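The chain below stands alone and is given as structure tokens, in the form predicted on its own.
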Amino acid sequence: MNADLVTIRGLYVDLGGNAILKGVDAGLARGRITALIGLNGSGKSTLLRALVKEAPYRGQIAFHCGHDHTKPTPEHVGYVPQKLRVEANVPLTVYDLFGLALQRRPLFLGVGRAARRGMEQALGRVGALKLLHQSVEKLSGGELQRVLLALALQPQPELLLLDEPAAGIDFQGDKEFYRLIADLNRETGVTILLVSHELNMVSLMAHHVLCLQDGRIQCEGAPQEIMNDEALVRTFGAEKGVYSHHHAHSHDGPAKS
């Protein structure tokens, strides 16, 4: 079995006449948390969108998952985007959102027993079962991210893609959310690719870090190798060196699976 769940070779993405990704080579280690860091506009979200075929690309993306470990099917990849696209005038509850996602029959016919059981299990796993009948548009940032994470975990993905998953969550809440992600990785063995600007959290939970700069992987390695002033200056520029994680060595290291 391939040690990487996903291998990326020579990945190019052009959008609107602009080169966004310029020959990305990377591997996502099976059962590990890989963090993707870089400045805004460096191509991080585009890379995730290419992995779920939302962005056209040239090059090779090879998934070593699914039943035959060669081709993925939709249930093997979970994706939490930066923003949920929901029409403001549609009164959608969390229950409705899951019903639309988990079953093929129209929502007005009701939610089947299996779909109901699945949504309750998923929401319970992320500590959000109490939100089942809440309006989506009235959820807080932290509540919405937990709901989206629960939805991405259905039915049981081998790869979980998270694009700034703690965006819009207060400081204490984002620590809890990252802890939840680390727990999911450890308990289920799901492979995770995480885009984040929270370098402190990346240092504590990631097993591997990819530094994306101007559409290319500029450096990669274990957090203790990447989270230093020299590597961060190369990735973010001299003014960003202050983001270096000063207490990375005072903890037990990343979550273990």
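Numbers follow the displayed sequence, beginning with 1. The model shown is predicted, which means the values in this text are computed figures rather than measured ones.
Keep in mind that the form predicted together with a small molecule is not shown, yet the notes after this line are about it.
Heavy atoms within 4.5 Å of the small molecule in the predicted bound form belong, among the stretches 185-193, 201-209, 214-222, 37-45, to residues of 37-45.
Contact check for H197: a heavy atom falls within 4.5 Å of the small molecule in the predicted bound form. The closest non-hydrogen atom of Q82 lies within 4.5 Å of the small molecule in the predicted bound form. When contacts are judged by a 4.5 Å heavy atom cut-off, V233 does not count as touching the small molecule in the predicted bound form. Although the partner is absent here, E164 is a contact residue: one of its heavy atoms lies within 4.5 angstroms of the small molecule in the predicted bound form.
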